[in-house]
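Read the single chain below, which is given as structure tokens and is the form predicted alone.
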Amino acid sequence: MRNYINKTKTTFLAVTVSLGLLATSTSAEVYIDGFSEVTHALRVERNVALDGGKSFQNRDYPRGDARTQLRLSGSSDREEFFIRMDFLSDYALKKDVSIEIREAYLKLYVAKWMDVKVGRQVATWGTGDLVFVNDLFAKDWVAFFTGQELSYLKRPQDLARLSFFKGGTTFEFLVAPNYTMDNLPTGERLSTFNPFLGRTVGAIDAPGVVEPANTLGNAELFARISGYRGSAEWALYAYRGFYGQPLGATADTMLFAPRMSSIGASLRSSVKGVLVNLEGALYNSESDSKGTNPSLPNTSIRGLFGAEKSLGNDLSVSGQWIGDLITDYDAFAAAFVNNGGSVPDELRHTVTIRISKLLWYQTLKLSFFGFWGISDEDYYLRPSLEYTFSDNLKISLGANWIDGDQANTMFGQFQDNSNAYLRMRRSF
């Protein structure tokens, strides 16, 4: 799929934050810290789809960049502000130094029972470990597949967030005036699947993407109610906006993100020393409620079951099962057959496993995370090693091994993009 590059836009949120930061900085002490980091990823297999393209200057390196991040923060009794900005030099794509505002928000403590947080933010919720059911905030899969630090999996968004507190229950409502699509491979750093050609391609043959208009009617709406009952953590979720990826196709061979809404719930608790989490959601495909259009995603039910156990001696193991059940499957399958396409499985399911071990007085962390697509017959493996030299210096080594039997599955579409990476970070 082709990525929609969400360019930074001037919105009322940015203006509000700028004025708020100016006002707050006069009464709050400002703290500054950050880090400098170099990340370099090297391909470990030939990618034929990229050999014929011309947009990527050095195809042996899907990532090669140096960045410095500055963080500024301050607070008082009534408000706080936070700014996180990256200064990036991308030597893999031969780009000049650029600046990315990852976060810039103002948080107001309106009352003991109410907070307001406005500006560019990185938001997350849900119980999944690198899998997302009710977390419908934007993701950066290119960063994830090319060795960037895990926090870069989440894309920044312009958000207005209202939080209300009543007893032990929290009510949260978020509005994103500008829809932000997931950042997906476009054939530059990583090859991608073109559904119209039926094969993996580079940037030249990547399909185009139609972005939603920036209108009030296309704003994204998020809601969550959460709390505790005993030792159990529970939450209810709702969303209205668009699918995070361009899963719809037009008659003139363009991709777009169809409208969708969802409701869901999650539960997390400890059961006899095992941390267990359950999560589920109904994804309503508003553009194809009857499931008869093969060019649109069908309404589906997604579920997650996970368990994590500490085995002692700084060793922990966890696993998850994730299922995606298509509703109105008979109509959906008939539409595919009538259009000459292969019928997707009614239930797609994936399992994950994570193993983590700390050594040498917790200065060395060994980790393995694996995805196995049981129905899709594909996989994605993430082994890593991280050594902390001091409070200010650490080095990470790892790999992204991706493969599958078919080019149109979740991980199969990114086959031949496997890489190993080195990342060094010095904090200040």
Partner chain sequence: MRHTIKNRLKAGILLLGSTALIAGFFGAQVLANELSATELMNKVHKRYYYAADGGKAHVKMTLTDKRNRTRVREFWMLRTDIEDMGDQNYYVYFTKPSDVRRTTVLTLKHANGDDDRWLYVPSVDLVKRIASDNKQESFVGSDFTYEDVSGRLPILDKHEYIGEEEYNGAEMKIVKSTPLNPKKSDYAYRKTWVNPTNLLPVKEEYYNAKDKLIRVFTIDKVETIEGIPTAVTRTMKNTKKKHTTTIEFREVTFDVELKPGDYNERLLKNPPRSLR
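Positions refer to the first chain, counted from 1. What you see is a predicted model, and the numbers here were worked out from it, not measured in a lab.
One more form of this protein should be noted, the form predicted together with its partner chain, which is absent from this view; the next part is about it.
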Non-hydrogen atom within 4.5 angstroms of its partner chain in the model of the complex for each of 80, 150 and 391:
yes
Assert contact residue (its partner chain, in the model of the complex, non-hydrogen atom within 4.5 Å, options 88, 143, 93, 123) equals 123
Considering 73, 183, 284, 157, which brings a non-hydrogen atom within 4.5 Å of its partner chain in the model of the complex?
73
Determine which one of 112 to 120, 343 to 351, 242 to 250, 197 to 205 lies within 4.5 Å of its partner chain in the model of the complex, judging by heavy atom distances; exactly one does.
112 to 120
Even though its partner chain is not shown here, does residue 269 get within 4.5 Å of it in the model of the complex, heavy atoms only?
yes
Contact label in the model of the complex: residue 311 to its partner chain, heavy atom within 4.5 Å
yes
Does residue 233 reach its partner chain in the model of the complex if we count a contact as any heavy atom within 4.5 Å?
yes
Heavy atoms within 4.5 Å of its partner chain in the model of the complex: does residue 398 have any?
no
Go through 413 to 428 residue by residue and record those having a heavy atom within 4.5 Å of its partner chain in the model of the complex; state none if no residue qualifies.
425, 427, 428
